[in-house]
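Given as structure tokens, the chain that follows is alone and in the form predicted alone.
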């Protein structure tokens, strides 16, 4: 199971500063089980957003894991009318779930949670890494595509000088993460974000073993 914690509301509100109408997606598996992104948490967030002057266009909880693109695509299609009048989507799921939603819509997608831990899964025959569980999600700055997980060099600012024809110099069969980020930012009309220089990541937040303290996380989210 993937362990998550809610982002501080002030941080989330700052991410949504330029958006008025918001749609919220919760995860029906890990985040629901861990009580960070199930129905009660989604409704609580919508209430907070409303109190802060944001308009809710709707919400949904994926029946299965939010990171399952097949099922999430179906869920989002059911909400297509609401998404047409939506400025931004907040995803209360892990980094993989947030990126799954981002890959299925042409809207700004923001993480409502930080991903801090991952349990073992034994039944999948193929998995594509999309989240390194860094504990400090930066998907808001990179258009829902994680350079920490998808760039072999973990570059915080890119692309490097080695990419060629949109492919990574470490593995020419793989798309360059920063080219993907640029293309998506361009689609969203947010390419100016590339001019923002990201600070080096605080890798101490990945030091093991880590402790998931729900009470402490809940208190931090209220600050």
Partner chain sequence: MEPVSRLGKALTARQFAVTVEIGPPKGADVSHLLATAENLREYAHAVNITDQQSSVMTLGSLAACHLLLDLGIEPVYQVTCRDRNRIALQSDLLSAYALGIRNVLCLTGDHVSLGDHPQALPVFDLDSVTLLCTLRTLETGRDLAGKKLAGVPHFFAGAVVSPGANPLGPQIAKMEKKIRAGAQFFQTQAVYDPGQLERFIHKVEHLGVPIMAGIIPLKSAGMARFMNRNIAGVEVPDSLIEEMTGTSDRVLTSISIASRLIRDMKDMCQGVHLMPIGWAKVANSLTDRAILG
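Note that the structure is predicted; figures quoted are calculated from it, not measured. Under this definition, the rigid core comprises the largest set of C-alpha atoms superposing within 1.5 Å between the forms. Numbering follows the first chain given and starts at 1.
Not pictured, yet referred to below: the form predicted together with the partner chain.
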(request) Would you please decide whether residue 68 lies within 4.5 angstroms of the partner chain in the predicted bound form, comparing each non-hydrogen atom pair? (result) no
(message) Can you tell me whether residue 166 touches the partner chain? I mean in the predicted bound form, with a 4.5 angstroms heavy atom cut-off.
(response) yes
(request) Determine whether any heavy atom of residue 53 comes within 4.5 Å of a heavy atom of the partner chain in the predicted bound form, and answer yes or no. (result) no
(message) When the contact criterion is heavy atoms within 4.5 Å, does residue 17 count as touching the partner chain in the predicted bound form?
(response) no
(message) 102, 110 and 189 - do all three of these have some heavy atom no more than 4.5 Å from the partner chain in the predicted bound form?
(response) no
(message) Looking at heavy atoms inside 4.5 Å, which stretch does the partner chain contact in the predicted bound form, given the options 189-197, 42-50, 25-33, 59-67?
(response) 189-197
(request) Would you give me the residues of 159-174 that have any heavy atom within 4.5 Å of the partner chain in the predicted bound form, in order from first to last? (result) 159, 160, 161, 162, 163, 164, 165, 166, 169, 170, 172
(message) Rigid core aligned, does the Cα position of residue 148 differ by 2 Å or more between this form and the one not shown?
(response) yes
(request) Please say whether, between this form and the one not shown, the C-alpha of residue 136 moves by 2 Å or more once the core is aligned. (result) yes
(message) If I superpose the two forms on their rigid core, does the C-alpha of residue 19 end up displaced by 2 Å or more between this form and the one not shown?
(response) no
(message) Just to spell it out: taking the C-alpha atom of residue 33 and the C-alpha atom of residue 150, is that distance smaller or larger in the predicted bound form than in the structure shown here, given it changes by 3 Å or more?
(response) closer
